[in-house]
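In structure tokens, one chain follows: the form predicted alone.
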Amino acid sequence: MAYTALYRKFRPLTFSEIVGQEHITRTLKNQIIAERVGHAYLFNGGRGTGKTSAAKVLARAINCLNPQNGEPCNECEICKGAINRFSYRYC
């Protein structure tokens, strides 16, 4: 049986599913709630720290038609399109 990296099996769909980066996810959610999103973000860190996951959740949350407390709804047309496009869950 071939090894499959965890990020290939599971990718968080909301900020609350991102583990170990609560200080970052709280900040990003607060910016979305306050509608004070910056024009660019730099995600930096070691391998496996959740940079790509956080960036994808942030992109969906910013573009979501019905954000709920700073989280993407994952039900609107935009969220579903992004989830299907990148096949997030259980590849």
Ligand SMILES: Nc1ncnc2c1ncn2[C@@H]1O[C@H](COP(=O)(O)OP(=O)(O)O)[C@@H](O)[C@H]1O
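None of these values were measured; they are calculated from a predicted model. Start at 1 with the first residue shown and count on from there.
Beyond the structure shown, there is the form predicted in complex with the named molecule, which is absent from this document and is the topic of what follows.
Enquirer: Would you mind picking the one in 27, 63, 66, 52 that has a heavy atom within 4.5 Å of the named molecule in the model of the complex?
Expert: Of 27, 63, 66, 52, the residue with a heavy atom within 4.5 Å of the named molecule in the model of the complex is 52.
Enquirer: Check whether residue 46 has any heavy atom within 4.5 Å of a heavy atom of the named molecule in the model of the complex, and answer yes or no.
Expert: Yes, residue 46 lies within 4.5 Å of the named molecule in the model of the complex.
Enquirer: Considering non-hydrogen atoms and a 4.5 Å limit, does the named molecule approach residue 21 in the model of the complex?
Expert: Because a heavy atom of residue 21 falls inside 4.5 Å of the named molecule in the model of the complex, the answer is yes.
Enquirer: If you check in the model of the complex, is residue 70 within 4.5 Å of the named molecule, heavy atoms only?
Expert: Taking the distances in the model of the complex, the answer for residue 70 is no, it never comes within 4.5 Å of the named molecule.
Enquirer: Would you classify residue 75 as touching the named molecule in the model of the complex, given a 4.5 Å non-hydrogen atom cut-off?
Expert: Although the named molecule is absent here, residue 75 would stay clear of it in the model of the complex, with no heavy atoms inside 4.5 Å.
Enquirer: For the spot marked by 35, 37 and 41, is every residue within 4.5 Å of the named molecule in the model of the complex through some heavy atom?
Expert: Answer is no for this spot.
Enquirer: At a 4.5 angstroms cut-off on non-hydrogen atoms, which residues of 9-28 are near the named molecule in the model of the complex? List them in order.
Expert: Those in contact are 10, 11, 12, 17, 18, 19, 21.
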